[in-house]
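Listed next as structure tokens is one chain, alone, in the form predicted on its own.
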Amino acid sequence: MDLGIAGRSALVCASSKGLGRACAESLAREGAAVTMVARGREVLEDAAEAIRRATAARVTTVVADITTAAGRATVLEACGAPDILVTNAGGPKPGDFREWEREDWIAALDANMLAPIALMKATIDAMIARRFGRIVNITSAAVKAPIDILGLSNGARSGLTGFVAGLARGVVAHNVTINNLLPGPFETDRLRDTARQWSRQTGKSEDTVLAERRAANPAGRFGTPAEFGDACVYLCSAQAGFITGQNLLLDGGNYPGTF
């Protein structure tokens, strides 16, 4: 299927590794010109070069912290007005809410709620004017089924989800869609960080924690970043113009509910 985004410009945040990188690669493979953003230069440049070799796409890199106004300004100056925006940020630290101070909550909100909203604010009017825009926010399955040790993430990402639910319905008539992708257990550094936290709490080894989580999933495995990237690129496609304000859960069937 031709997804109709060849020649479109895409901005993908936190894309030096993990799910962000997978989204950047899937978009590049479909012919989009991709701007990749991350805070670490070496890993970002390595990822971008690998994607260039694999896809022959035009890939631009920007080293910046999108949780800051200065970082967002640097990114937007480099990529202009993107047709496609994929927001993403590393999840806040796990733990017990008794351990967190106000600054921990502010950092979580800045990364996982306020920065995506600021990027949408900066790009959405140009999308409306062009009558094409695709915004995908990478959130978490914890929005659907909160995880006790991820309270910072539960709170901040749920705030973004509520905001998107209202905004998405106000712009879809202009062929601008906004959706959220909710990853469950994928083979990423974040999964391993969470496993280490559970390991400390339970006394089990990290490998045992991972094996038990894998076995407990109906799919019998963890997801691959490539699967996630391809789901993202479909939501960014020309064919996805009638899908908006949705929270697409990718978790191998782990969530047991109907709704």
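Residues carry their position along the shown sequence, with the first being 1. Keep in mind that this is a model prediction, so the values were computed, not measured.
Just so you know, the form predicted in complex with a small molecule exists too; it's not on screen, but the next bit is about it.
Remark: S140 counts among the residues lining the small molecule in the model of the complex, judged by a heavy atom distance of 4.5 Å or less. Using a 4.5 angstroms limit between non-hydrogen atoms, R39 touches the small molecule in the model of the complex. Proximity of T177 to the small molecule in the model of the complex falls outside the 4.5 Å heavy atom cutoff. When contacts are judged by a 4.5 Å heavy atom cut-off, A89 counts as touching the small molecule in the model of the complex.
Although the partner is absent from the chain shown here, none of V34, T123 and G133 has a heavy atom within 4.5 Å of the small molecule in the model of the complex. Taking a 4.5 Å heavy atom cutoff to the small molecule in the model of the complex, the contact residue among V209, L191, A231, A57 is L191. Residues of just one listed stretch (24-32, 201-209, 64-72, 49-57) have heavy atoms within 4.5 Å of the small molecule in the model of the complex: 64-72.
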